[in-house]
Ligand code: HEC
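Next comes just one chain, in structure tokens: the form predicted alone.
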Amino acid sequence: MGFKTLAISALGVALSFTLGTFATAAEKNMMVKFVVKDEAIAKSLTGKPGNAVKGRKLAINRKLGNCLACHVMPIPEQTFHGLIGPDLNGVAGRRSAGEVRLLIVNPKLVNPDTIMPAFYRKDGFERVMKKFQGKTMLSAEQVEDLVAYTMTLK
């Protein structure tokens, strides 16, 4: 299965974020180095597993992960799941944690044409407001929390 199907997302997600509410300034300025191999980031960005409960909260928070804007997920208490990205039900059976991590960190490394935002990238963007320059949307810990939650979706 190609990564293009998983990496497609809605442009509206990127536009709907309030970047100031994501990672702290210190976390945003000190990015963790990672290695991409075989279209995956095998090692945790924090060196430890994320918290799936926190990850679920991030996934449905319209000002943070906002995964529901593009993806159907097993979250019945929230209505209006997006249909542009792939259904995330059962994604843990289709993707490894490393593949999911890379798609959250920077999906353009897998599919340059995707409109899914890079949640752990702080440069290489065009026309970024000054107050958002040099900042990531999510911290390394938040990325790991999303990975942990996503891997519960079997």
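Position 1 is the first residue in the sequence shown; the rest follow in order. No experiment lies behind these values; they were computed from the predicted model shown.
Unshown form predicted together with the ligand; subsequent notes refer to it.
Asker: Only one of 123-131, 44-52, 31-39, 96-104 has heavy atoms within 4.5 Å of the ligand in the model of the complex; I'd like to know which.
Answerer: Heavy-atom contact with the partner occurs in 96-104.
Asker: Check whether Ile75 has any heavy atom within 4.5 Å of a heavy atom of the ligand in the model of the complex, and answer yes or no.
Answerer: No.
Asker: Does any part of Val91 reach within 4.5 Å of the ligand in the model of the complex? Heavy atoms only, please.
Answerer: Yes, contact at 4.5 Å.
Asker: Is there any non-hydrogen atom of Ile115 lying within 4.5 Å of the ligand in the model of the complex?
Answerer: Contact check for Ile115: yes, within 4.5 Å of the ligand in the model of the complex.
Asker: Which residues, if any, of 38-74 lie within 4.5 Å of the ligand in the model of the complex when only heavy atoms count?
Answerer: The stretch 38-74, when checked against the ligand in the model of the complex, contributes Gly65, Asn66, Cys67, Cys70, His71 at the 4.5 Å heavy-atom cut-off.
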